[in-house]
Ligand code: SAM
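Only one chain is included here, represented as structure tokens and corresponding to the form predicted alone.
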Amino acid sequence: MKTDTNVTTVRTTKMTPREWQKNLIKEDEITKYLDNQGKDFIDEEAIEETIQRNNRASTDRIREIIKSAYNIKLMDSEDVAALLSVTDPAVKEEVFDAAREIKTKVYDNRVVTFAPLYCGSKCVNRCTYCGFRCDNEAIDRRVLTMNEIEAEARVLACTIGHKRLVLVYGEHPETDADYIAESMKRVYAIKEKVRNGVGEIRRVNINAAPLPIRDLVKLHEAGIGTYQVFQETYHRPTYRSVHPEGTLKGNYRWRLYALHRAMDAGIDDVAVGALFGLYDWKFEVMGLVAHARDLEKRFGLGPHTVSVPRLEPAAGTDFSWVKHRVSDEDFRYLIAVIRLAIPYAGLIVTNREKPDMIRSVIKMCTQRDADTRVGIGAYTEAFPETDAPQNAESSFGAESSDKADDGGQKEEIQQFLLGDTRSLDAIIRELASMGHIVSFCTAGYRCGRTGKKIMDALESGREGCFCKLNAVLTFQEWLEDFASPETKRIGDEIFNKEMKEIRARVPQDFTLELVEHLEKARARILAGERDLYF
């Protein structure tokens, strides 16, 4: 049922933030996941010893590890540590080559785009690196109403053309599980006529704080896509130093097992990540692999995606204490290692990075954001006219140039500063020029290809076949409904190239009948039908 958008939703809570915190953490939802000795799966000493023990891996061993990575299985920790030890540029290049090939083997040449929608800047935590920490007076505090969330999402769906969003929330009683569930429903309700088709959001992922199982069940019932909770750092001493005691986020294990609770609540798509720069990047990569391993051990499947954000400046925030900044060279290499170590997972690089960096790693990655604003209410501020042209270029810059403007960034309303503020149109044009097809497909989730099913399909390579077909259909949709003339021209070229490739893969991957169905589906899209998929 579509909610009346003329009514402003006002949410109130009778609990103070302190009272709310006391009722949130459930100790039995931590201890149930510990081993028989009461330990969790992160053993700092063992990780450091593994890194040191494999610090002088031979070139022959590295090549054997690379070869085994093509089996698309989670990598052994000893082998991950060996990859992390590589310093020879020529051997590193072999790792990069393998990372690009494995990405293609599992995901083909597809890149998925999405946008984050920040719903609130109120937070009870005091993370030393975050602009939204509760004691930062440089930030204007605000929580969007349901009408405002719908307005923001409408810009993203009907003006820019996104089909996937990740909704982002601070940890605060005003943005609790009920608020999150209600906001998801409002976003999914959007369905409006655009140039030739329909503007709508088909996949809502959530980046939110850890929640108890009872609240995660609410999100599952509301239609959550992927649930993202990033540990930030797996290194306990660093975690304690940047997440003060007495705050919700100060509880290391409550956060560590957030995704385990999500699995038990029925959410079978979860995402891990680390904030690179808080501690040694090699340790954090090992922590991500350990996290994936424990999820596999307990639930039979690992994370759907891995995110690799780096520390970025934020208003009113001192970063002089940072001792582990990740260089560009190390950042590119850690992405390659993660691609080999957790080969089945989607790998997300975000607009925290500058365009040159994203271009240099995108062939190892599967997702990136575009037309991004991380300020509260920033999308409607950028597009104040509700009847804006449906193929409007973002104010971030119409061309694929690195000289795009700053995206209207305002430090006082956003969590951190962005490195890439170009429009979705410009980014799609660039990706197509690089030989990528941008996929807006969400069919797998609605067809039940999630959790264990999609993991099996990714490891075998079968999922890439389905996604190849659905990628071209959704790309055709976007070109018809939102592309600028130049992007449409370049997009049509890559589309035709993809169709030739699909026909050439008969009978290896596809049947002639399936290709004929694809061509008929394309004709239906050109005639005005939408959301067709295999």
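Each residue number is its position in the shown sequence, starting from 1. Everything numeric here is computed off the predicted structure, so don't read it as measured data.
The discussion below concerns the form predicted in complex with the ligand, not included here.
Requested in this report: Please run the contact check for F230 against the ligand in the model of the complex: heavy atoms, 4.5 angstroms, yes or no?
Outcome: Contact with the ligand, yes.
Query raised in the report: Might P309 be said to contact the ligand in the model of the complex, defining contact as any heavy atom within 4.5 Å?
Result: P309: contacts the ligand in the model of the complex.
Query raised in the report: Any chance G225 has a heavy atom within 4.5 Å of the ligand in the model of the complex?
Result: No, G225 sits far enough from the ligand in the model of the complex that none of its heavy atoms falls within 4.5 Å.
Report task. Answer with yes or no whether E171 is in contact with the ligand in the model of the complex, where contact means some heavy atom within 4.5 Å. Result -> E171 belongs to the contact set for the ligand.
**Report entry** Which of 107-115, 78-86, 156-164, 201-209 sits within 4.5 Å of the ligand in the model of the complex, heavy atom basis
**Finding:** Every other range fails; the passing one is 201-209.
**Report entry** Candidate from Y379, F283, Y129, W254 lying within 4.5 Å of the ligand in the model of the complex - any heavy atom
**Finding:** Result of the distance check: Y129.
**Report entry** R352, K103, H235, H304 - the one with a heavy atom within 4.5 Å of the ligand in the model of the complex
**Finding:** Selected residue: R352.
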